[in-house]
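Just one chain follows, in the form predicted alone, and it is written as structure tokens.
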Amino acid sequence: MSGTWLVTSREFTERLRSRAFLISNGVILAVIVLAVTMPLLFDGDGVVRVGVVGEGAAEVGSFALAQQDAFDVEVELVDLADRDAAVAALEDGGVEVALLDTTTALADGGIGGRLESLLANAANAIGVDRALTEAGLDPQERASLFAVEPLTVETLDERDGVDLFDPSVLIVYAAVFVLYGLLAVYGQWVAQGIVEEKQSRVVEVLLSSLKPTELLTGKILGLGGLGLAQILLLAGVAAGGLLATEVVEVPAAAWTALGLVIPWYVVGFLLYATLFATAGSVVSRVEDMQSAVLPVIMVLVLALFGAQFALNDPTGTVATVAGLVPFTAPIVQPILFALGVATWWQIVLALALAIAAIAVMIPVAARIYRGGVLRTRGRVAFREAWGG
């Protein structure tokens, strides 16, 4: 056990101190911070300043102010003397749009669909109110006509109502994509470490004081622990930024789906690390490593395609099967949960299948590693490595 711990500590610290690792993580963190804060930089204080010229425009502005919550727009009214003042306010950024009367708005470019809908609705309501006044209705009668229940839209199939561009779904997909990248990178590091030790003959020195299983286990645990620390750091920064800035309203289900990415990383790494270790054990040169690990990379790519199928047809057969198969479940299952398709029993079943696959694969990878790690000339056949 002490030998395994020494190898684990060595693998963790050596990669952690590498310049490439530190620079890449710095870039990723900078991208996350920029993605979270960029909406704030462009949105300013989030308040849309609307200029009003004259009494009629002021009525439209007041109605828009009363209805702003329904359109998810925060409006601030600015009184302007005339059209020239409105033009000057638009040019210097004092207002985003100016209402010249009950039917005319002046803007320096587009004003956005929600704001335009809000102002159009307000202008129409003021026009209708004036027509009703001219028709002889008193204020109470006019108010009762506007007091209507909002339209509620229901769908026969809940999945028909899923917005694939909903921020919460995009956040979970981004987390899954990061998970995919970490599995690919750290898995290849496992294979690369094995091949480099074989090519330099360092493995012969290491195996003079360590058992092959201790060396392999320590390598997987060290790199897996570093990957876990990295994903916790990235997830913590992203979650903290979302909570602090509130640029996106993330529902509770999305937070749960993000939380599921962590255990799925652990399971996924153990699955793929054994495959990468097996591939690295049968080659003796770094130049040959890429061809050896290519089938494993292709399996990972298929898992990412499974996530795409889950987005396009979350209740389809492909998505359902991909969410249960051990090698695709770590990528697909969080997406299905974020979309509200995966149930807890499906998640438990997928985890159980993945853990069972790990229990089968670890002895297989260890045996091939023992049989191939000391064969430093050329590529070793799997049958030959299995036979020792």
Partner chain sequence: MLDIHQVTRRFGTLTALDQLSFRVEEGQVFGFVGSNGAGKTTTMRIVMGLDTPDAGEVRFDGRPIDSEVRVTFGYMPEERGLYPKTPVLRQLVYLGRLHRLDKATARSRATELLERFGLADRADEPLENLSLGNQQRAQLAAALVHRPRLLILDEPFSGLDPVGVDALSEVLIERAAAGVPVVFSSHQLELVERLCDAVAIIDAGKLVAAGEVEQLRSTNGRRLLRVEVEGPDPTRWAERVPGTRVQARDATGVELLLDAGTDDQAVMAAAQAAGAVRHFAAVRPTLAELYREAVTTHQAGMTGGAA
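Positions refer to the first chain, counted from 1. All of these numbers come straight from a predicted model, not from anything done at the bench.
Just so you know, the form predicted in complex with its partner chain exists too; it's not on screen, but the next bit is about it.
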Of the candidate stretches 74 to 82, 203 to 211, 300 to 308, 226 to 234, the one with residues having heavy atoms within 4.5 Å of its partner chain in the predicted bound form is 203 to 211
Answer with yes or no whether A385 is in contact with its partner chain in the predicted bound form, where contact means some heavy atom within 4.5 Å. no
Looking in the predicted bound form, any heavy atom of L16 within 4.5 Å of its partner chain?
no
- Task: Using a 4.5 Å heavy atom cut-off, state whether R10 contacts its partner chain in the predicted bound form.
- Result: yes
| query | Any of the heavy atoms of E197 lying within 4.5 Å of its partner chain in the predicted bound form? | reply | yes
